[in-house]
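So this first bit is one chain, no partners, the form predicted alone, shown in structure tokens.
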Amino acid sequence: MTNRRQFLAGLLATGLAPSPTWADAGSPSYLSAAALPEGGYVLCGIGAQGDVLFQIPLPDRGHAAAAHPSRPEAVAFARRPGTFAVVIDCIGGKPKAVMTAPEGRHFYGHGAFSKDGNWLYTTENDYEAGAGCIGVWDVRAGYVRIDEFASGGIGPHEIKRMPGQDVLVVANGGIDTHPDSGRTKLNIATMAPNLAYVSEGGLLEIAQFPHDMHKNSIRHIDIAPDGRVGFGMQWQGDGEPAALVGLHQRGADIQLLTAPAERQRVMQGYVGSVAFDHSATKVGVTSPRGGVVQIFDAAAGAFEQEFVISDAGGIAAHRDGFIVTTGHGELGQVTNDQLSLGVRRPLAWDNHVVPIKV
């Protein structure tokens, strides 16, 4: 695989090869950041069989990544409150560009490409103003930042593009932070999380909670083919939250996915990642703190199953179920109500496994 990638990289350098595709990088199905035992960091391409196709060095700890919709190119984002993102040629395994957050901004670890792949959108914190913004980067010009617009809230974290259109969904966590205070949360008493539907033309719609749930920070999202947004939350209040998982579709109210009290308590108020399965009938969430994966029926809005997986982090649709990564180096699968954990690799997977959709 390495020799083939090097051969293709050489052809591309001489201009003799056709435009490359993800197949030229080994046809990875997923991207995930990981830490190495010796202390380095990498971005990995993962195949449909759970095999690691490539490992590309990163300058520091990565969080999530964005896959270009047609080219074998990925943007790896620093864990928040990081100020860098690395654009990687996944055939040659080399950085193409380094994106640096403007002065007064930091990234939140996530980004999304436009439908045509010509623009990249990044969630950012304008930390002096205490406001969220979306950075706009010109891909064709070499990932140059050209604009920004409001995220529709405070603390924008994950961002995804709606299917078939250039409407973006932003999980505004509602939590104000400032680099001078590290990761200290500065506004818990007044936080107001929301899901915002935005475009470069402005704010299109906001979905938010009633006041008694305003301490439930919306952090991670996935989108079904019909436009339903599944989201996971992180509870910042006292006592037990009403729910940690929800669904939303534009024009409707938020729907909470409920679990028995003892099952919800296991999550320790923390969802690390969320995903629909391929049929969009189930929603899976992870809790690295609780060491579990929970599966919900998306139609009934109810808890179905729980699997104990220590330090479960990333989750994404896979075959008839889900692929799950752990901080211990496992790539597990939840299929047909069964959990299987693969061989433990010398990689500590970060919180997200990102599907490559081409």
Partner chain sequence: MKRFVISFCISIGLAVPVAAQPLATLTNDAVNNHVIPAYDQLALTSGALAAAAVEDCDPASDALRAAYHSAFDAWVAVSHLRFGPSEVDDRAFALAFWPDSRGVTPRVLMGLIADQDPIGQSAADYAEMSVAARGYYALEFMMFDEAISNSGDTGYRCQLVQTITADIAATTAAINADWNAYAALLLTPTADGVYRTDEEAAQELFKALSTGLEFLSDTRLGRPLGSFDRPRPKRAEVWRSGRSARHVQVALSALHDLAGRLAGEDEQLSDRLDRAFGVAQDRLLELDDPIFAGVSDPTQRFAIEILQQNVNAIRTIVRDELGPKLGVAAGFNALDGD
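Here the structure is a predicted model, which is why all the values come from computation and not from measurement. Residue numbers count along the first chain shown, from 1.
Just so you know, the form predicted together with its partner chain exists too; it's not on screen, but the next bit is about it.
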Even though its partner chain is not shown here, does residue 61 get within 4.5 Å of it in the predicted bound form, heavy atoms only? yes
Is residue 128 close enough to its partner chain in the predicted bound form to count, meaning some heavy atom within 4.5 Å? yes
Is residue 334 close enough to its partner chain in the predicted bound form to count, meaning some heavy atom within 4.5 Å? no
Hey, in the predicted bound form, is residue 328 touching its partner chain, heavy atoms inside 4.5 Å? yes
Could you tell me which stretch in 93-101, 174-182, 144-152, 193-201 has residues with non-hydrogen atoms within 4.5 Å of its partner chain in the predicted bound form? 174-182
Proximity to its partner chain in the predicted bound form, single hit among 288, 72, 132, 135 (heavy atom within 4.5 Å): 288
Could you spot which one of 115, 80, 278, 105 gets a heavy atom to within 4.5 Å of its partner chain in the predicted bound form? 80
At 4.5 Å, heavy atom to heavy atom, what parts of 253-271 sit next to its partner chain in the predicted bound form? List them in sequence order, or say none. 262, 265, 268, 270
